[in-house]
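Consider the single chain below, provided in structure tokens and representing the form predicted alone.
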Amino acid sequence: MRKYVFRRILFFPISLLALAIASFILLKAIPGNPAELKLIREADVSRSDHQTDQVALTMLEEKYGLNLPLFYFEVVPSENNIWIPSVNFHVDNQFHRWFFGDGFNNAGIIRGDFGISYATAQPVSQLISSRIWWSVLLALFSVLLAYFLSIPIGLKSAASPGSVFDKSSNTLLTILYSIPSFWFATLLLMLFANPEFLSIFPASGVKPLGGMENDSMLDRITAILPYLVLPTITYTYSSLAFISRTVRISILDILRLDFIQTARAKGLEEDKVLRRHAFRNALLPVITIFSGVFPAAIGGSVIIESIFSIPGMGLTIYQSIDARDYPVIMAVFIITGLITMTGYLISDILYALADPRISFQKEN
């Protein structure tokens, strides 16, 4: 196991380099000039009516390095023979500056510096660190709540298939899984954050307006919790339905195997057969679902965070794509890729812990 984990960790830099090159090229293929969009936003006029100052645009492109070639080489049609393209090599290019730095304002991502945001003019690492925690907090709360509720529901449904509880829970979970998140979030706001109906929870935001610096930690948590109730429910309901169905189906498949019949024949109680034998062997699909929590926490949810005005990563990504804020988008790509690989590595380790029959050693 240790050798396997070590080999996987050594493979991380190669995977991240491939991800960086692919995402950089694809991102640059998106139409739109971030320098021009920044000038238009600063002028506070519509994009269609604004005539960009070419001098200011040229200076801003030089500042961002957008006037440089995209990569180390480019293939261009030959002037003499259109069938044989020519290859031009460039030492100074956008990818090299972004990855290794230019020696001045940008230290390069290889040194842990993601550069400066085009839209906000603040360090990307500072921008992400100030917003990622809201997405992580909501994602972890919702996932823990979903597992806490869905596993008992799946166990009870699998223990008595075809019962009233099984049929009613399956019907309710199917309905929940089919409801779009934006509609469900809007419904919650209309029911529980509406002064004309029930004004129980705040309609938007993540904390009260005004400073909370002088408040104790308990007072801060008490003040913030009401803002997180409706978003957490919106995050949770679809995961609850999906995990419950996965647990039920996995346990029903395990209950049909011979070793379960043997355990029953030995006189073990049905509850012990279900929890000790069936549930442990049905954990693998549940672990697979859990491995996707990490990138989801980084990416956030654009729809949910926009509806509830949560300053998380989902809303940040949407705003960055709209502004063609390349440093922020690329930073999210790299961090998400790293955490995705870490999530799958943790899943493999949990597989071996859940089922001793799984081994990552090479067979002779």
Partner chain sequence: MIYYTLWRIQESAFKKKIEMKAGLKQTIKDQFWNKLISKPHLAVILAYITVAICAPLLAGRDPLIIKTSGEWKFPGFSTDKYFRYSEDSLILKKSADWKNMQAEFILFPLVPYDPNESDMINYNYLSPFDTNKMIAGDGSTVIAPLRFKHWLGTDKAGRDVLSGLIHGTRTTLLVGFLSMIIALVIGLITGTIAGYFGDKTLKTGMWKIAVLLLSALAAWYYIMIVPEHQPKHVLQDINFIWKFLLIIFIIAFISAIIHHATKFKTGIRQTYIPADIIISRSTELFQSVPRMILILAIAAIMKPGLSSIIIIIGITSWVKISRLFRAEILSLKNKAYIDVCKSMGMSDYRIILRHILPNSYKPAFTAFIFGIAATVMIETGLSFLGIGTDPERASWGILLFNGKENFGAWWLVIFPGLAISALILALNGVIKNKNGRGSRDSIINNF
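Positions refer to the first chain, counted from 1. Note that this is a predicted model, so its numbers are computed, not measured. Note that the rigid core is defined as the largest set of C-alphas that superpose within 1.5 Å between two forms.
Omitted from view is the form predicted together with its partner chain, to which the following refers.
Item to complete: Heavy atoms, 4.5 Å, its partner chain in the predicted complex: which of 262-270, 248-256, 275-283, 90-98 makes the cut? Say which one.
Response: Heavy atoms within 4.5 Å of its partner chain in the predicted complex occur in 248-256.
Practice prompt. Would you check, heavy atoms only and a 4.5 Å threshold, whether N67 touches its partner chain in the predicted complex?
Written response: Although its partner chain is absent here, N67 would stay clear of it in the predicted complex, with no heavy atoms inside 4.5 Å.
Non-hydrogen atom contact P85 with its partner chain in the predicted complex at 4.5 angstroms: P85 belongs to the contact set for its partner chain.
Can you tell me whether L350 touches its partner chain? I mean in the predicted complex, with a 4.5 angstroms heavy atom cut-off.
Judged by the heavy-atom cut-off of 4.5 Å, L350 is well away from its partner chain in the predicted complex.
- Query: Taking heavy atoms and a 4.5 Å cut-off, does R7 contact its partner chain in the predicted complex?
  - Reply: Taking the distances in the predicted complex, the answer for R7 is yes, it comes within 4.5 Å of its partner chain.
With its partner chain left out of view, which of S178, T222, S160, S216 would have a heavy atom within 4.5 Å of it in the predicted complex?
Selected residue: S178.
Quick one: of Y72, F182, F165, F141, which gets a non-hydrogen atom within 4.5 angstroms of its partner chain in the predicted complex?
-> Exactly one listed residue reaches within 4.5 Å, namely F182.
After the core is matched up, is the C-alpha of Q94 off by 2 Å or more between the shown form and the other one?
-> It does not reach a 2 Å shift.
message = My question is whether V124 is one of the residues whose C-alpha shifts by 2 Å or more between the shown form and the other one, given a fit on the rigid core.
response = No, its C-alpha moves less than 2 Å.
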